[in-house]
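As a starting point, one isolated chain is supplied in structure tokens, in the form predicted alone.
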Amino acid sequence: MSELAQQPTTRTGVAAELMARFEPECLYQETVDGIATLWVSRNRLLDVMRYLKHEIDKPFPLLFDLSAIDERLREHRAGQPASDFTVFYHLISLERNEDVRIKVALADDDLSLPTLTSVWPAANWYEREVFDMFGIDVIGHPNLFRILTPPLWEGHPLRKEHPARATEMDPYEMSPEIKHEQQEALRFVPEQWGMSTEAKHTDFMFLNLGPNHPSVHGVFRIALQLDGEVLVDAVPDIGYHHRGAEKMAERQSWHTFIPYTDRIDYLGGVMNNMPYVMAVEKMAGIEVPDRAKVIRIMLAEMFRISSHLLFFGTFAQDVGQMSPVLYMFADRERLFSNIEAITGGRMHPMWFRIGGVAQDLPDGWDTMLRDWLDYMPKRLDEYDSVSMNNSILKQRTVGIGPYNTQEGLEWGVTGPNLRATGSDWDLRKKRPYGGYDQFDFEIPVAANGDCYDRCWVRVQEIRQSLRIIRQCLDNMPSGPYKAIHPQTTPPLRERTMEDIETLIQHFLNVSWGPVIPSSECSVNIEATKGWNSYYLISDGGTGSYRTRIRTPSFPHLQMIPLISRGFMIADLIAIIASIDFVMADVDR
């Protein structure tokens, strides 16, 4: 780290406090996103993290993300210490409204570092993911085994030498011996899950909920430890839907990875495009036109409503109401008709582009959208009467699965699930991005943090999203729908017929992708289910060197044991429904 020690240390905020406390072991790195990024030695990692969590003025209670980078093939690392593998930690202080990124450099022949589970319980799954994907040993972890790949998977998928496609691997063969070995590896042993088989006065029963069960909303398994019908423990098991989205990003151009982002939270549509393209734009220095910003916000809020309508209907269905989901799906179809008229697609229009959006708004878009905006508030009033004020739904959800704001932050909870506890943190207000500072809307906040409040917050958010969309409709700016910039991908199509330079640029950017300067950038947005961020690393090429996708559903599921113990199995169904997740958002 000696090459960094020569840098000036005139920093502000948390960077200055850390460097004053831990210098020379704490060294600064410049990044495009402006997040304070500091390298610390492995031996001081726990000291630094405990200081940030407990000792610093206005601490950092949220471990937002934790992952790693295989640095061995990276060429442009000026100003960074030597490192074969880097583990990074992204922390957020809501009180300061400030982020800090801590990095630890590791050598290939010594891949280990201490666990942070004693500081943040949310570190548990993230550290298992680092072990699974990169083969980094986490000393002291309570349950360190693979989390996204099968138990006997060979290799670590996010290492650079690991094949990216099945065609790069030998044909798979399953002999009787291998089959037996695989079956034995999948055998359920309660002690390996942190469960005991018996207590002094009772024998426990174990039950698998999933991985294929309608109430778990996807390919998701929960191992239940029961004392009669009372939940003693409920341990989630994920990875059944893992597709390697972060690995896919390494073999796509910056432009061609956009369709993959739609499929992360497959109910969020273009909402998933936004943090990705905004991060690329920041690295490329692209300023998005006002018209494109408003179009993006309008479409993002339409998908927020679409996602919340599906949540609302299935939530009511899971606690016993059959009719609401049918009506809400019909309303969702009317919304998709508007989305299809504008983008040409429905659930996955993959419509945002680097520099703007794919096309301008079609003629007549406003008439169709205004009709839907006039229609929806009355429907929401009906749903309040039918569902939110229904005595049976309240009995099934009020007081069930509660947690407070502090507990939510400890476990990495964000978005509506955190606002249900009384926190008013919404990135659209606290850190306006993409033009949200120009809109007038409120942030619904509940108080009890239970299943009912998690639903109530989302229902109120639908009303606020309708309010935002109407402002987009009434105040749509004129001008281009995409930036006129060399890195905009693809360039404005109509200009390709006007000059040969734009035609060549169009061909190169679509065929190979734009060349993004070597840099690092993270962009975080208020997505449908919580905070979603893309942390991109460019090595000066036409594609990403490392794409880290931080999704809200991943930490939310990790909290299930805490909020379900002592309840009944039927209560667990309500708890699962209230979290609002999709497994593609968890497993990626």
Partner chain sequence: MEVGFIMILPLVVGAMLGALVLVWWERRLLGFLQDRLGPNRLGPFGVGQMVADLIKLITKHDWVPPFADRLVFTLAPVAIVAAMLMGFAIVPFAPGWHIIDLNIGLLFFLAMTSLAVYGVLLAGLASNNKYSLLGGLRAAAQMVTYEVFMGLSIMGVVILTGSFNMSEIVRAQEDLWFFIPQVLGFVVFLIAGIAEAHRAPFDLPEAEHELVAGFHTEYSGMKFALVMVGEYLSVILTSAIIVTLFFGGWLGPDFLPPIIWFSLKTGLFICFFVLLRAAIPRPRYDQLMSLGWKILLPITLVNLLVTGAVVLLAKG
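Numbering follows the first chain given and starts at 1. Everything quoted here is computed from the prediction, not taken from an experiment.
This protein has a second form, the form predicted together with its partner chain, left out of what is shown; the following refers to that one.
The single contact residue among G210, G513, G434, P349, judged by any heavy atom lying within 4.5 Å of its partner chain in the model of the complex, is G210. In terms of contact with its partner chain in the model of the complex, the residue from S323, N97, T202, N475 that brings a heavy atom within 4.5 Å is S323. Looking at its partner chain in the model of the complex, residues T256, T502 and L503 place no heavy atom within 4.5 Å of it. Shown alone, this chain has one stretch from 481 to 489, 324 to 332, 287 to 295, 446 to 454 that lies within 4.5 Å of its partner chain in the model of the complex by heavy atoms: 324 to 332. At a distance threshold of 4.5 angstroms between non-hydrogen atoms, A123 is out of contact with its partner chain in the model of the complex. Residue contact check for M19: none of its heavy atoms lie within 4.5 Å of its partner chain in the model of the complex. Though the partner is left out of this view, A82 does not reach within 4.5 Å of its partner chain in the model of the complex, counting heavy atoms only.
Although the partner is absent here, I139 is not a contact residue: none of its heavy atoms lies within 4.5 angstroms of its partner chain in the model of the complex.
With contact defined as any non-hydrogen atom lying within 4.5 angstroms of its partner chain in the model of the complex, the contacting residues in 383 to 404 are N390, I392, L393, Q395, R396, I400, given in sequence order.
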